[in-house]
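Alright, two takes on the same chain below, each alone as structure tokens: structure 1 and structure 2.
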Structure 1
Amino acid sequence: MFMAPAVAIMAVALIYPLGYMIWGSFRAWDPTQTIGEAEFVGLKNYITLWSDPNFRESLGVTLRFAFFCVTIEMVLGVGLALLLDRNIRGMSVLRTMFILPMMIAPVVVGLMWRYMYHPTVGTFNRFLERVGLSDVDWLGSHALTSVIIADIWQWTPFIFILALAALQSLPRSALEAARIDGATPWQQIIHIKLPLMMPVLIVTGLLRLIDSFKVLEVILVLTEGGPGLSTEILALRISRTATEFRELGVAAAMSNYLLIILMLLTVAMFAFTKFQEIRAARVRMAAEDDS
């Protein structure tokens, strides 16, 4: 009975729409029809997508975008947290400044970076001209790299906040013991801090990985998926398929493919976390047996 309200909300807000999307993916559905009027085509939408080079290209762009964004954001975010985990004057102000990009709306972020990437009046090309270098076609031949840079700028603070919180919650006794044993700061990071932070870092990386597969507004404002399909990730492809091509059934099938990918990533990440916990428990048991 205590769970009933939560179950009801989940059923209305999640389970029913998800079931509706799955059912629609088996039909030749367009906006002029209700889902019951659409012709049932079975797995045709799913099979057709795998023979569609545009879908495969969008999937490849999505995987590259997610990999580079999450990897670089994790390195920068954890590095900043390790750097700023100390008591010096003005540190609270500096920490606040680091998290400001995360508070800006994605559409505004897209507009900001679009103006900075402008080929003639943009900040980056004007700087390159002043130092005697040639202009760069940021949103042309380097479009995907430019989008990745914008995403890193906005979401590295998310990693930084959670990594810093994990650092500040570490048991001080372990760090003090390492210092007494003569461990250098680098050894403390490698052998004490990072292993103890790992559960938080794994969940943080998973959250960013899931979110990176669903980025839409920044890419839409910056490049609209172009040039060609070089920055068209799956979320944008799904939106275009539903609104421009008016193929709701195909868009639903694409959404289900994206859902399956995210579920597999989530299961793999949690399995890795469980493996780490079992390994840590075995190490502790071995240490207790030796003592």
Structure 2
Amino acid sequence: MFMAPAVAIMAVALIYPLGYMIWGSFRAWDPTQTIGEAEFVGLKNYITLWSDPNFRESLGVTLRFAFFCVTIEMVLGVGLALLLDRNIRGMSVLRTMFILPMMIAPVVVGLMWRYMYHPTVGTFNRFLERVGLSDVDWLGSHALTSVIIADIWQWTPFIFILALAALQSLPRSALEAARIDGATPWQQIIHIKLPLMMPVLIVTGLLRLIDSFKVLEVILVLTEGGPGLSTEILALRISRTATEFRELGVAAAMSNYLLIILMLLTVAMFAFTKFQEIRAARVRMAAEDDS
């Protein structure tokens, strides 16, 4: 009785649309038709996409974007967490400031960065001019890098907060023991802190990876996928195929490719957490056997 509304809404607005999409991906479907009128074409949409250089380019851009964003964000976020894990006054204020970029609408983030990247009036090029360097064509020839920088700005704090939470829940005794044994700060980090944080870090990284496939608005506002296809990630291509080229069937097939990638990632993540649990349980069993 308490469950009924939730189940009904998710069935109508999530499960049914996803099924509808999978069904639609086998049809030549344009927005003026209902799905029943669209012609059934089997796997044609998938095959066309697979041999479409634009789709491949877009897939490549997506993977590159996700890879660089997540790697750099993980390094920076974890590094900052290790650096700032101290008893300092005003830590909560600091954290509040750091989560600000995440809470602001992606559209607005895109807007701010588009201004800062502007070739003549933008903050960066003005600064470069003042120190006597030549302008950089941020959203032109370096578009992908610029987009990645904007994403790093917005999402590094996420990793930082989670890594900090993980750090602060580490068992104090292990750190204390290491300190007494004379481990240098670097040794403490490499041999104790990082291995102990690893489970949380991996989950965080995977979450961030999944999310980085969903980034769309920032890129839409910054570059609209251009110049050329250099920043057109898959999510953006799906929405353009659906709304500009009006090929819903192809867009649905593309969505399914994206879903398959994400599904693999999610399964990997789930398998990993399960694996962790089992290992933890085994360690606990072993400990009990010993005693």
Partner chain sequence: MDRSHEKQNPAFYAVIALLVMMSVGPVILMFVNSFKLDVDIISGTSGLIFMPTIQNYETALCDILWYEPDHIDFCSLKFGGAFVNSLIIALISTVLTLVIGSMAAYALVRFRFFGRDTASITTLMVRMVPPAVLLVPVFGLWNNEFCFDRDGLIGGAIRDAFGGRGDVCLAGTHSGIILIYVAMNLPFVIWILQSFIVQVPRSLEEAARVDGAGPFQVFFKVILPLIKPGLAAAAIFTFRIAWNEYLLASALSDRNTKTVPILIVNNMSEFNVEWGVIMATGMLLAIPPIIFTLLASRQIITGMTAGAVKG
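Between two forms, the rigid core is the largest collection of C-alphas that superpose within 1.5 Å. Predicted model only: the values in this text are computed from it and were never measured. Counting starts at 1 and follows the sequence of structure 1.
Review point. Just checking, which of these two is the form predicted on its own?
Key: Note: form predicted on its own is structure 1; the other is not.
Check your understanding: If we fit on the core, is the Cα of Arg95 displaced 2 Å or more between the two structures?
Key -> After core superposition, the C-alpha of Arg95 moves 2 Å or more between the two structures.
Practice item. Tell me, please, whether between the two structures the C-alpha of Thr266 is shifted by 2 Å or more, with the rigid core used for superposition. Key: The answer is yes; the displacement is at least 2 Å.
Check your understanding: Can you give the C-alpha shift of Ala11 between the two structures in Å, rounded to one decimal, after superposing the rigid core?
Key -> Comparing between the two structures after core fitting, Ala11 shifts 3.7 Å at its C-alpha.
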